[in-house]
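We begin with a single chain expressed as structure tokens, specifically the form predicted alone.
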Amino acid sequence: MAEVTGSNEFQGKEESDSSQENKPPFAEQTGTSLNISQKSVEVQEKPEVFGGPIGLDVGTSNIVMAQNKGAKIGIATQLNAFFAIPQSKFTGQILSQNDIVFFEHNKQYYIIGDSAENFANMFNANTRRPMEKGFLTLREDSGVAIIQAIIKTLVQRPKKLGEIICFTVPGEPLHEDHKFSSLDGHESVIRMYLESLGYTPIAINEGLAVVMAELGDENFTGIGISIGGGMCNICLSYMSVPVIMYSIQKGGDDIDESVSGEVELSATKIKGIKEGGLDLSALPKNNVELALQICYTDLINHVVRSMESVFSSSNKIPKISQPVPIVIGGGAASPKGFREKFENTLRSVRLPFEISSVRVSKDPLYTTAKGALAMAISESK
């Protein structure tokens, strides 16, 4: 087995005529998808209806919609969370006047999306989620209705019946992390709802979506990792074909909850601090940053050790003559210094193939939605 070496020994990807000659059929068919990573992103406060294929990342923490907008990719996001308050006509009028997204259910108002976090912070409480550890949760009786309402804020009915929408699904969790897993049921609920809107839905693994978004120049060969709120998804792809896909049910939410228990702040406030400019390469300034760094180190160790265990014990690994890249997406991979910490940890394990490079995608939160869009484009041709 080849050992991952030091940073000055990581082998850079070399361009060659042969690499261009060996573009996989997927690349030949899609064309546009090869430029997904090169397109600039335009974030929309409110999603616009352009028609054509859509990519939808259904994450535990965020739901992200991506669609083609000429030379750009239009992106719209919504927090996958809610906050319940007592129902009253007067409160409903005030919420509507202030453009707060909510819906009525079981004699309560469910404030959904980004507005839910604002309410939670005002009440020094935590938001609630319709998903947990990557899957629809059974803890919330209204979970299905809530996630449908959140998706509806991003995805309008198609201009043309039957348009393609590609949505992300997690991989099966490793056995030791198998706490909440109902992949078939989770996928079916999302699929049926999108069908009811008039789309033709196609599922794509989250890790594979990272590959599709970022590794077009590498023949879609490499390891795609999505570090999300509820879980981490890992996919080894060869020429766009997923060889190994799995997940571990740890992510950004675990970090928030662990730190919250140590410093006596709500997990929602910890999430805000984490997303407000955390630098994993700098010395911590306070006990919150120290706890965040410790928890990030634990999460990265867990991911890297799982890769060593899964890849080294698999008989599905193809004979790969060239070192392969690792690309990381997902909102929880956004802090500065994440790539360096991941790369340093990677040097402590042995994999059955060499790694050429490690990089975090330019827009980690949008990566899987962009990869889903790439697949939707290919299926629309």
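Residue positions are given as counts along the sequence shown, with the first one as 1. Note that the coordinates shown come from a computational prediction; the quantities given were computed from them, not determined experimentally.
Beyond the structure shown, there is the form predicted together with a small molecule, which is absent from this document and is the topic of what follows.
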So if I measure heavy atom distances to the small molecule in the model of the complex, which of the stretches 56 to 64, 351 to 359, 313 to 321, 38 to 46 falls within 4.5 Å?
56 to 64
Non-hydrogen atom contact residue 52 with the small molecule in the model of the complex at 4.5 angstroms:
no
Please run the contact check for residue 296 against the small molecule in the model of the complex: heavy atoms, 4.5 angstroms, yes or no?
yes
For residue 229, is any heavy atom within 4.5 Å of the small molecule in the model of the complex, or not?
yes
For residue 252, is any heavy atom within 4.5 Å of the small molecule in the model of the complex, or not?
yes
